[in-house]
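Each of two forms of one protein chain follows alone as structure tokens, named structure 1 and structure 2.
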Structure 1
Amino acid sequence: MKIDFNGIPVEIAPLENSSMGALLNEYRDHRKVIIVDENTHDACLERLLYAFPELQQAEVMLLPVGEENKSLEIVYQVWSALLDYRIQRNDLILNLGGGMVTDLGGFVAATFKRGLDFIHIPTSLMAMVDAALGSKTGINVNEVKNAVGTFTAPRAIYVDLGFLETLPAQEIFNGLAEMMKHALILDGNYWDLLKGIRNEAELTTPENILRSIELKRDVVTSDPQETGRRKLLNFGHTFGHGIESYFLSRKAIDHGHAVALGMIAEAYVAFKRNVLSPKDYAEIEWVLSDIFPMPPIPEAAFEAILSHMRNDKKNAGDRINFVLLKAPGTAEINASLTEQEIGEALLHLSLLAKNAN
């Protein structure tokens, strides 16, 4: 399967059957760098090198695992290594990994010597359906998610579903959170399909992954720089980033997990405003809380989460912006949260956690 994603070719196929060999041939006389983390180094790199033996001469950059390492300190180390390897502007970077690798690797490529070509080879479900798509790069600063980044497009994105076999179930369902986000804001029928899936094989079909890619593609194509409609893709992320940032220096939770909690919180606000029906809200809460564990959020954490939310890049002035869900498949951008609503939604998440335990 091939799809044009705002001018970027995206292929869903085993690597050896893709056009990646032809693309690599364009760089046959140039240096290549493969950026991996510790997990993808052990589980995925061999598959890539087997498909393309010419990459055995590439330099391999090994990143530590974890969102907390998506930092300027790690970026600086990679920049320094690229200088040591004498990488030039006409060389190529291959980002082999999940969202942390594609975010950080894309940022490194976008900024080193004012920009190198790069490709993404996403290995997690979340990266395949969301993080590797849309030409965003980013790193965290002072525990604020993606506070620094660029809009820079890769040459191509190669989605090999075989990499999903290397993932634990937890990682598969983190990707499901982003797929459900796409469904809730854009396609009620897709939500009806996804909400009943609890089986990995049923979830990770090429058709489902393609549908999520298409939904994100349609939004990004209409608003590449996120000045309007693309903000829909932030559903669940206003609360989610605040929660994820709070736990980052404690017992970190995965991005998809945090987004699922954020979708419950933001849907709860819509329900309390009488915008989202009680029936739709109850279904969303039940589905998401059934799949994703509800971590205890002490009331003492509320102010710290609010502080992270105030620093969110989606805000305008003193307004904390979020996506207002009206019904599965329909949402509104640029809605503004009050501190009282934030506190009530966090309290609701806290109560859900207590009831779950």
Structure 2
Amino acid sequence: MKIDFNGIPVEIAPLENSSMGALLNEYRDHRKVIIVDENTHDACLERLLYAFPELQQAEVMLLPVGEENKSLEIVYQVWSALLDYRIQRNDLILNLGGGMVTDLGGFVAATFKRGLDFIHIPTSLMAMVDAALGSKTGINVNEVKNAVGTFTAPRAIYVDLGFLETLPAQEIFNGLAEMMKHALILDGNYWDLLKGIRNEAELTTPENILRSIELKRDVVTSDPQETGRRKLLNFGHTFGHGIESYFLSRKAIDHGHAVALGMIAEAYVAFKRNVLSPKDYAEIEWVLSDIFPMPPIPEAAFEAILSHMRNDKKNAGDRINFVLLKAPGTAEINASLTEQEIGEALLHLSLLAKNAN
């Protein structure tokens, strides 16, 4: 399956059946660098080398695992190694990994010698349906996520679902949260399909991955620089960011889990404003809280979560922006939240958790 993503080819196929061989052939006289993290080195590199034995000659750049390493310190080390390897502007970088590798590897490629060609080979569900798409590269600075980055397009993106065989179950849930987000903001029929899925095999079909990619493509194409409609993709992330930040220094919860709780909270606000119907809200709450268990959120945490939400880079001035869901498949950007609404939604999450435990 092939899809044109704003001029960038995205292919869903086992690597050996994809057109990646033809693309590599264009670089046959140039050096190649494969960027991996420790996990994708162990779980994914062999599959890539098996599909393209000529890549045995490539330099392999090994990153430490984890979001905390999506940092300038690591980028600096990679830049230095690229200099040591005498990598030139017409060489090729292959990013083999989840969103951490595609974001950081894309950033390295976008900046080294003012820009090298690169391709993404996403290996996590999150990267296949979201992080590798849309040409955003980035790294974190201090604790601010994606504080520095570029909009730079890869030459191509190759999605081989075989890589998901080794992906830990929790990481599947992270990707699922983003797929459900795409469905809720853009495609009610896709939401109807996803809400009925209860196992990984039913979820990670080429058709579903393609649908998620198409939905993200349609938003990004209409707003490549994120000045308007692309903000729809922030659904669940206003509360999600606050909740994730609060739990960071306590018992951390995954990004996808925080986004799922954020989607419940933001749908709750829409329901309280009589924008989202009681039936639609009840269903969204039921589906998401069934899949993503509710962690206890004590009332003492509300102020801290609010404070993280106030500092969110998505805000404009003093406004705390969020995406207002009208129905599954329809949403509006640039709505703003009152602090009272935030308090009520957090109280609601906290009561849901008490009822569930």
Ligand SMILES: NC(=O)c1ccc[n+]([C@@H]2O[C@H](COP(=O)([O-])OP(=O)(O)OC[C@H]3O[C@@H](n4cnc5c(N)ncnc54)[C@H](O)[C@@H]3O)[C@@H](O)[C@H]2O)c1
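Remember, it's a predicted structure, so these values are computed and weren't measured experimentally. Think of the rigid core as the biggest set of C-alphas that the two forms share within 1.5 Å after superposition. Please note that residue numbering is based on structure 1, beginning with 1 at the start of its sequence.
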(request) Name the structure that matches the description of the form predicted in complex with this ligand. (result) 2
(message) Between two rigid parts that rotate between structure 1 and structure 2, there's a hinge somewhere. Which of T330, G115, T205, L306 is there?
(response) T205
(message) Need one number: degrees of rotation of the smaller rigid part relative to the larger between structure 1 and structure 2.
(response) 11
(message) I need the CA movement of F239 between structure 1 and structure 2 once the rigid core is aligned, reported in Å.
(response) 3.1
(request) Report, to one decimal in Å, how far the Cα of E299 moves between structure 1 and structure 2 once the rigid core is superposed. (result) 5.9
